[in-house]
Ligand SMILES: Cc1cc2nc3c(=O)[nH]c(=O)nc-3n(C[C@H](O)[C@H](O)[C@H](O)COP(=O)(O)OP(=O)(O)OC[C@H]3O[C@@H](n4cnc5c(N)ncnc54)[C@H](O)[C@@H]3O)c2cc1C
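In the block that follows, a single chain appears as structure tokens, in the form predicted alone.
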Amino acid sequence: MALNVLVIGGGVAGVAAAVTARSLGASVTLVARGPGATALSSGAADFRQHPWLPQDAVDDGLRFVRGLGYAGDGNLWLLSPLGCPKRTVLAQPFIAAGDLKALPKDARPAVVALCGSQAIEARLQAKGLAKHFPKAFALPVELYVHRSDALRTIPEIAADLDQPGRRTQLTEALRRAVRASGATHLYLPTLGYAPEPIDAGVPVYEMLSAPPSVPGIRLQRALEKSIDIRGGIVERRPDGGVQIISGTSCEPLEAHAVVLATGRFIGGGIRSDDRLRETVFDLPVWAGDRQKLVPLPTEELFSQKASGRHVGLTAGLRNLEYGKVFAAGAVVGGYDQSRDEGGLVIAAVLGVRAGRAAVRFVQNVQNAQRASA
């Protein structure tokens, strides 16, 4: 009997589970209804040890993330969209290269202001950077000079920079700006979806991004290259099996094990109706000690301060295994990605763990059947 493993969810956790299960000899079907939260990733791969993380999968999880094109020494300090240094483990190469701890204290780094709202954000970022590098400043660059350019978003700028000859024009504009300003390092909002080195006379780095995120879209594209992802919605059948809904078709699927990597609220893996619920198998979901997002007078489920405890954002499953169903990624509760960090790498670690556990489960069932035959 073949090892048939169904993975639900095409984010980091789902793809890590699918790639791991496939490497162990399983026949894998990965189904996703959309990109979920992965495409919103800032470009940083955070990690923080949690008690329920399997230590033997941590190295493999980090190796999986590196395989998606991430780099770094495990202790990066990067310029965030808000101008604050952000500590992270890995990042995409042109972002990781801008590690702030590698800059000399007398550096004169410039945050490039290209156009529109991004030019306004560049001033905020430069102001934050100046707290650590007093000579930091925002650097307007003459590239997008038409009135219509003011409406360009960063993803639109990225797509434009990938056009033939456009990156050469950017390089020339940066060289002129460097000569006029004396900048020693340049931080750009984007280098395009297919970034290449730019010789501006000084090092050129890319910054982390807020949604809509070019690094996040790059990450999603890298995931889609790792394994075939089938579009559709997985539903549980009345007999306990599953079926795939795609357009007007409905296909029953026999899976010996299932990896549930459907995400939390953004990914659609958890909903809050009259109660919190997991959306495929209706597994029990908890936010703290409760199964409803109804605030009590003595407790705030969502803090009024960004640094506060967001119990509602820790909602998820309490277990990693439910029979032949194995949970991975944000659908697993107990941590708040916005506060505790670790989302991307934790998703990869849990995905690797779930892929292994699913294959091991099927193998154990097969061995038991052979022994009883």
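All values reported here derive from a predicted model rather than from experimental measurement. We number the residues from 1 along the sequence you see.
Note that the form predicted together with the named molecule isn't included here; everything after this is about it.
K.L.:
Would all three of 33, 42 and 330 be in contact with the named molecule in the predicted bound form, where contact means some heavy atom lies within 4.5 Å?
P.N.:
The answer is yes: all three residues contact the partner (heavy atom, 4.5 Å cut-off).
K.L.:
Please determine whether residue 37 contacts the named molecule in the predicted bound form, using a 4.5 Å cut-off between heavy atoms.
P.N.:
Because a heavy atom of residue 37 falls inside 4.5 Å of the named molecule in the predicted bound form, the answer is yes.
K.L.:
Considering only heavy atoms, tell me if residue 355 and the named molecule come within 4.5 Å of each other in the predicted bound form.
P.N.:
No - in the predicted bound form, heavy atoms of residue 355 and the named molecule never come within 4.5 Å of each other.
K.L.:
Taking 4.5 angstroms as the cut-off for heavy atoms, does residue 86 touch the named molecule in the predicted bound form?
P.N.:
Yes, residue 86 is a contact residue.
K.L.:
Just to confirm, residue 211 within 4.5 Å of the named molecule in the predicted bound form by heavy atoms?
P.N.:
Within the cut-off, so yes.
K.L.:
Using heavy atoms only and a 4.5 Å cut-off, determine which of 232, 195, 189, 72 is in contact with the named molecule in the predicted bound form.
P.N.:
Checked against the cut-off, the match is 232.
K.L.:
Given that the named molecule is left out here, which of 283, 266, 293, 253 has a heavy atom within 4.5 Å of it in the predicted bound form?
P.N.:
If I apply the 4.5 Å criterion carefully, the residue I get is 266.
K.L.:
Quick check for you: of 95-103, 255-263, 146-154, 181-189, which stretch puts a non-hydrogen atom within 4.5 Å of the named molecule in the predicted bound form?
P.N.:
Heavy atoms within 4.5 Å of the named molecule in the predicted bound form occur in 255-263.
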